[in-house]
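Listed next as structure tokens is one chain, alone, in the form predicted alone.
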């Protein structure tokens, strides 16, 4: 009887451990890996192709990494997320991203109007939800 109780308790502990691990690691995956659920597919596609080259831990620019890290954005506090999303909208509205020097060296990095709209619409909607 005691062996059975110990076995059941052990299995319960293992199950809870797996569940806790899954919950705590849910948002920590890299956007490019395709395993995160925080970004809709269309948004993820733009981020992967146009933004992660600079705005990720492996990014080219320390300044860009400090300004915005797409891989950790959704894990920030709500107020920080809203602030970053507002900045994304502002930068896209001004056409400041990617920087002109980057586009001169890598024309394929230019964000199209359609891609800009995808990011802005998502940022506005996400910010609105966070503000509620």
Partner chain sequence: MKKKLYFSLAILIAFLIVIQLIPSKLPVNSVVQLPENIQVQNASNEVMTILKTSCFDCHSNQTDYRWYSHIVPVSWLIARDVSKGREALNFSEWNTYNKRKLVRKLEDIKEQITKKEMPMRIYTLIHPGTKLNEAQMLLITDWTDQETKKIMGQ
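Just so we're clear, the structure is a prediction, and the values are computed from it rather than from any experiment. Residue numbers count along the first chain shown, from 1.
As for the form predicted in complex with the partner chain, it is not shown, yet the points below apply to it.
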Exercise for the section: Could you confirm whether residue 124 comes within 4.5 Å of the partner chain in the predicted complex, counting heavy atoms only? Expected result: yes
Exercise for the section: Indicate whether the partner chain has at least one heavy atom within 4.5 Å of a heavy atom of residue 104 in the predicted complex. Expected result: no
Handout entry: Exercise: residue 89 in contact with the partner chain in the predicted complex, heavy atom 4.5 Å
Key = yes
Practice task
Would you check, heavy atoms only and a 4.5 Å threshold, whether residue 83 touches the partner chain in the predicted complex?
Solution key: yes
Exercise for the section: Sort through 100, 78, 63, 45 and report the residue having a heavy atom within 4.5 Å of the partner chain in the predicted complex. Expected result: 78
Exercise for the section: For the stretch 107-132, return the residues whose heavy atoms include at least one within 4.5 Å of the partner chain in the predicted complex, in the order they occur. Expected result: 124, 127, 130, 131, 132
